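Coming up is one lone chain in C-alpha cells, specifically the form predicted alone.
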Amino acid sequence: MRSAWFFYRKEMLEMTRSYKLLWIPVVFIILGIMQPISAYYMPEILKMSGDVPPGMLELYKLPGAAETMAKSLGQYGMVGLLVLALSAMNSFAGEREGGTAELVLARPLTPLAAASAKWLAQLTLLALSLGLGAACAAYYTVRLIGGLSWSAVLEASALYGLWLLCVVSFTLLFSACLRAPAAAFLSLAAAAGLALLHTLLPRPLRWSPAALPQLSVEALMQQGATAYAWVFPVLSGIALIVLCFLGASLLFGRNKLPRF
C-alpha cells in the first residue's frame, strides 16, 4: 500500500507539472457555465445577429432551471469525454512507450498497485473537474434562471460522473496494451457503441451503464421518480469499472514493451 501511495503521489505530481489539474477543470467549468449563460442571453444574441424574423423574439421561452442544468451536464458527454480520454490515454502507454514500465515494476510495486495508483489519480482528476464544473453550472443556473434542488444536482452529477468514470476505465484498459492514440479512439468507440445499443434497445438494456446519462437527466427533471431505476445501471457500471481495472493491471504486467 505504501508503494502504491508513493506512485499515486508521483502521478498527481505529473498531472500538476503538465497542468492537467488546471486546464481540464477549467474546460469543465467553461462547458458547465456556457448553457445557462447562452440560454439567458439568447434573445440578445439573436437580436445582435440581425437576421431574426419579426416576432421570433417574442416566441422565445426561457428553459427551466432543471432542463438547463441537465443540458449543462450533457455537455460533458461530448467534449468532456474527449478531454478525459486524451488525458488518460498515456497513463500506461506512456510508461511502456518511454521504456520506463520495466523500471517501475522492478521496484517493490506490483502491476495491481501501479494500476490502483493510476486509476485513483484519474478518479481524482475527474472528481475535481466534474465537481467544479457542475457547481459552477448550478450556480449560474440559479442566479440567471431559477432555483434548483441541490440534492438532485448532486445525484445527477454522481450518476453522470459514474458514466464518465466508465469511459476513463476503458481508456486505462486499452492504454495498458496499445499505443496512446489507439487507446483513446477505442475507448470513445466503446462508449459510443454502448450508447448506441442503449438507444436502439432501451428496455432490454435498461441495466446498461449507458443508461446513466438519461437517469441523470431524470434525476433533475423528475426528482424522486427514479428511486430504484438507477440500481442496475449503477451496479453494472461499477462491475465494468472493476473489470477494466483488473484487466489493465493484468495487461500492464504482461505488456511492458510498446506494441505497434
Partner chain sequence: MKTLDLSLLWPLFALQGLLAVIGLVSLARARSVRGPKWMWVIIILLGNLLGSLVYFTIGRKE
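Here the structure is a predicted model, which is why all the values come from computation and not from measurement. Positions refer to the first chain, counted from 1.
The protein also exists as the form predicted in complex with the partner chain; that form is not presented, and the subsequent description refers to it.
Interface residue among 215, 194, 29, 205, judged by heavy atoms within 4.5 Å of the partner chain in the predicted complex: 29. Scanning 221, 229, 234, 33 against the partner chain in the predicted complex with a 4.5 Å heavy atom cut-off leaves one residue, 33. From the list 157-165, 185-193, 122-130, 143-151, the contact stretch for the partner chain in the predicted complex under a 4.5 Å heavy atom rule is 143-151. Of the heavy atoms in residue 90, some are within 4.5 Å of the partner chain in the predicted complex. For the chain shown alone, residue 243 is not a contact residue for the partner chain in the predicted complex, no non-hydrogen atom being within 4.5 angstroms.
Not displayed here, the partner chain is kept clear of residue 46 by more than 4.5 Å at the level of heavy atoms in the predicted complex. Interface membership of residue 79, defined by any non-hydrogen atom within 4.5 Å of the partner chain in the predicted complex, is confirmed.
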